[in-house]
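Coming up are structure 1 and structure 2: the same protein chain in two forms, each one given alone as structure tokens.
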Structure 1
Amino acid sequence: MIIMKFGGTSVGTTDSIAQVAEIVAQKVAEQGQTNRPGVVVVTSAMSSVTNSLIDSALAAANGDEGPYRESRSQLLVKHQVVAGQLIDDGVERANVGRLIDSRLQEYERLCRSIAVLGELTHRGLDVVSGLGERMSAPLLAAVLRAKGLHAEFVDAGELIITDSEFGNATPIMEQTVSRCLNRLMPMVQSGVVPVITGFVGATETGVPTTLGRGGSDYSAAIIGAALDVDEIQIWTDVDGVLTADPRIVKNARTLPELTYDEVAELAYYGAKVLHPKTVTPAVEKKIPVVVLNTFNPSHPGTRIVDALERPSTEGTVKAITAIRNMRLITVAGRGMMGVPGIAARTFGTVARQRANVLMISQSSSEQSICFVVPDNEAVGVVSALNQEFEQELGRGYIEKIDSQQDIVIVAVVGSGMKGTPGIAARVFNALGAHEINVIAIAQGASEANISLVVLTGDADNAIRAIHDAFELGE
């Protein structure tokens, strides 16, 4: 049994949805020859739909009702064109059209209410942003039926039960597993292909939630783990996970295999192929995740497995990635030496600001702590730290709390680096040879990642230099 997730570009146009139908039909036939047949499909919204829904709702909150009316018309046409070209049966086509029109009427009513209130709450935003998947999934199910498959639309709100953290909900796995098994297994066992909305879930009381942007990957992993599938397939528009961004490194190549740890590091530090949370449910069940290309389905893609299932690749750097629009915040002063609690107070303050810390570095003399946060969170963090350490700053124990703009974290990833001498030396020799200054460094105890802070203007050259130094394009 496999679960197949298709991203927004994979279901972005009539031609791409037709391609998805071909791929699913082929996988259903292949799975029929296995000891454990079954295919489950998870789909994102059609490309650009979620952005259109959100932007129009935000405009409504600011009193502008034109965009949501225009968006409704455009989205109705966008989905009807697919139905008109790929669904021959008139009754089926009409049923899908009515369902999509019903979803868009719901959207229009919601935006009208938002305009009256002058506010878009996180709860309301989750309802709005999940409507794209609630249109694409029934449409894709109908296209698969037109292809001759037994397919049925299922709303993930019936399956994935979450907490009430709107915008970034966490699944309650015990209830989710029970719902998935009860709802989906009878369908799969009877030869039906469930076509499920990605990205969305619901609270125990049925209030719609979302799993965070890009959360359709996460949806597939959650449902795959609940069903204990044999493989989770993430279908996208690239041939798998690459050694670097091909827009920066021309000879970047597809990696045939990665470990869960490696892909988690890459996702966290900016690689766009997978949602950062995706591997979490798969790790617990040790389910392989395969990243494949909808537009090049014969390519083997990248297989992501548990480290114990992969032969040792000692001393190997696997990939380079970068996360941009960051700011380096430094808390420094000679009076910090040997004073307990400075770090705790620093990061307690950051936590109260709900800021995301992506990297931490501290001098061994304890005279400074520096850490990296997203640029748009830095001003609030610095202000809060100045308030927290007002007395220490006044007495000179802490000499400065400042932030440096225009920086990028470059992450060098590979679980094979652990315990291998010389990896860091090769990284810094490559950067030195290109006269690239390293502002800060961090390496976790797992040694699966060396993180470097460099200036924005040096980032691309740094990525290329490290990529060449380890001959990752070979």
Structure 2
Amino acid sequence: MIIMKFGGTSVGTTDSIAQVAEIVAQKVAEQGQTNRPGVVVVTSAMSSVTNSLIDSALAAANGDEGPYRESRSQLLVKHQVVAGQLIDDGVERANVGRLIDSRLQEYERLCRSIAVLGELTHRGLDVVSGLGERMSAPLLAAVLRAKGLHAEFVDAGELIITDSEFGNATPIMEQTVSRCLNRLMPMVQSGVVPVITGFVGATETGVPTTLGRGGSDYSAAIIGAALDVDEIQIWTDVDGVLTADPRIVKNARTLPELTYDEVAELAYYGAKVLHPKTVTPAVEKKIPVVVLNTFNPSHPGTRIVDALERPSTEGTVKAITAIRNMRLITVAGRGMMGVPGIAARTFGTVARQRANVLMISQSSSEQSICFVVPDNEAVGVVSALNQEFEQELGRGYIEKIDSQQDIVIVAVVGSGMKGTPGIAARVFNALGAHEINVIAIAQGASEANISLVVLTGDADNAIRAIHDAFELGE
């Protein structure tokens, strides 16, 4: 049994959905020959739909009702074109049309009340932003039926039970596992392909939640682990996980194999190809996660496993990634030296702000602590720190709490870096040769990652320089 997740671009147009149907049909046939047959499908919203839902809801909260009215009709056409071209049966087509229309009516009602209230809560936003998958999944199920497969739409709100951290919910695994087994196993055993909404879940009481942007990858891994599938396939628009973002590095190369740890580092530090939490559910049962290209399905893609079958002989650095829109916060002062607890108070304060610290670096002289947080969380953090250290600032023990904008973290990743001397030197030589200024550095204890902070304007050059220095390209 396998689970196959299709991303936004894979279900973005009539042609690509036809291609997806082709791939699923082939896998269903292949799986039929195995002793554990079964295919489960998870889909994202059609490309750009989630953004358009969110942007229109935000506009509505600011009193602008134009965008949701406009996008409502655009979204109707976008989905109906696919149904019109890929579903021959008139009754099926009408049913899907009605379902899409009723979702969009709900969307309009929601946006209207958001506009009236002039406010958009995280909880409200999750209802709106999950509508894209709630349209694409029933549409894809109908397209698969039109192709002769026994496919049925399932809403992940019935399967993935989460906490109520709206916008970034975490599954409660015990309940999720039993829901998945009860609802999906009988379907699979009777030869049905469940077609499930990615990205969304629901609280125990049924309130819709989402798993964070790009969360459909995570959905597939959660459901795949619950069903104990043999493989979690992530079908996207590139040939797998590459040595760098192909939009930045033209000669980036597909990595045939990676470990869960390496992928977790890459995804956390901005490699958009996988949601950062994707591998978490797969690790315990050691289920391989395979990244494949919908538009080049014969390519073997990237296989992500617990331990490499072919330990790397091709060097130690595997890939380079970057996470943008960051801010570097520095707490500095000579009076900090030897004063215990400054670091603890700093990070305690940051934690109370619920800000996400992506990197920390402290100089050994203890004269400064610097760390990186996302731009949109930085203002709150700085003002909380100013309050926390009011006395120390007054007495001059801490001279300033600074924040620097336009920061990018570049992460150099590879588990083989461990114990290999000279990697950091090569990284810095490469940057030096291109006159790129490194603002801060950190190396994880895992030694699978060296992170450097550079200015936004230098980030792409830094990635290309390191990629070249380690000869990672084709």
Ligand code: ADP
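By convention here, residues take numbers in order along the sequence of structure 1, the first being 1. Between two forms, the rigid core is defined as the largest C-alpha subset superposing within 1.5 Å. All of these numbers come straight from a predicted model, not from anything done at the bench.
Student: Can you spot the form predicted together with ligand ADP among structures 1 and 2?
Tutor: Only structure 2 fits here, because that chain is the form predicted together with ligand ADP.
Student: Can a Cα shift of no less than 2 Å be assigned to Gln26 between structure 1 and structure 2, given superposition on the rigid core?
Tutor: Where the cores coincide, Gln26 shows only a C-alpha shift between structure 1 and structure 2 that is less than 2 Å.
Student: Any CA movement of 2 Å or more for Pro37 between structure 1 and structure 2, core superposed?
Tutor: After core superposition, the C-alpha of Pro37 moves less than 2 Å between structure 1 and structure 2.
Student: Aligning on the rigid core, do we see the C-alpha of Thr456 shift 2 angstroms or more between structure 1 and structure 2?
Tutor: Superposed on the core, Thr456 moves its C-alpha 2 Å or more between structure 1 and structure 2.
Student: Relative to the superposed core, what is the Cα shift for Glu435 between structure 1 and structure 2, in Å?
Tutor: Between its two positions, the C-alpha of Glu435 lies 2.6 Å apart after core fitting.
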